[in-house]
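Read the single chain below, which is given as structure tokens and is the form predicted alone.
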């Protein structure tokens, strides 16, 4: 993969939690990096995640002490997982005879906004990395974390290490960003749900972003969004296979030539969906605007929205989906807003146990009948559709979580094949 790269080209590699999950795996990754360094690629920047399960362990510890801990304390605790991975990877490289430069986000200068737990990167300093390269060192950098203007540690949210790696590749002007994980790349569906799912060897940014946003767990949507913004190609590969093994390349559509190859590139499944239904809303667009603005200020993404026309009593009904993890915070902020504005008639109904299944593909733009085929594929299996949303390149349905696997299999069979 690197044969066509100049030896002086910056190389950014990210290794996820499973890739660094044990001491043996860390040593195997260090051996790969050492081989590349000995082959003459001396401008290596390695971004590491916390070991698999470690972030969840730290979250549980924090919640056991204080479920309402401040964002400052919360992010400081969660960032500890990446710190351990940086130290272990640096030590493993040293055991290979390779000089390592371990860097946490505040040392390197990964500057973010002020939002804790869902911070966004504003700027990355690269001076320390470039000075380390001149000394023959491999830079090992903590993903997932940054530092704000008050020198507080911030974290980037789920998938933050992917985002860190892409941002670093942009800052270093790398030719591409390599994401190393525990699967071969992006598949047409989750192979655990659809055994016949196939590896997609090339994807354009738009489809990759939609698949990530709609539940594909391989990449985080912010990572793909950032890559598209700066035209940074992504290579998604399996840490545990050879460098010549198949992988997924994500790049501009002009480079993939895939517009007419598939109507649907893949089917995604997101089981972490909740629905909020608000009834008794005043017939005033400002009310809805304030609700969504309040949710946005907390970093809560609103997805499928259903807005009914006024009822006989002139009240409105509003339904929308959010991530299950945001449900408590969303209910709280809406209730507080209703109380402060005197919306005594507002009723909030929360519904969990839902999943979102989506068919995605740029090719859908030029094909009619996709919606009809979707309905037929699901209803013929007796699967009830709660909500539906369409765009030029995707169609999403909300179903009972218990039906998620059957719905995924049905849509994959309909659009991609067995």
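Positions refer to the first chain, counted from 1. Keep in mind the model is a prediction, meaning the values are calculated, not measured.
There is another form of this protein, the form predicted together with a small molecule, and it is not shown here; the text below is about that form.
Figure note: of the listed segments 25 to 33, 48 to 56, 66 to 74, 387 to 395, the one touching the small molecule in the predicted complex, with heavy atoms no more than 4.5 Å away, is 48 to 56. The small molecule is not shown here, and in the predicted complex it never comes within 4.5 Å of any heavy atom of residue 249. Remark: residue 159 counts among the residues lining the small molecule in the predicted complex, judged by a heavy atom distance of 4.5 Å or less.
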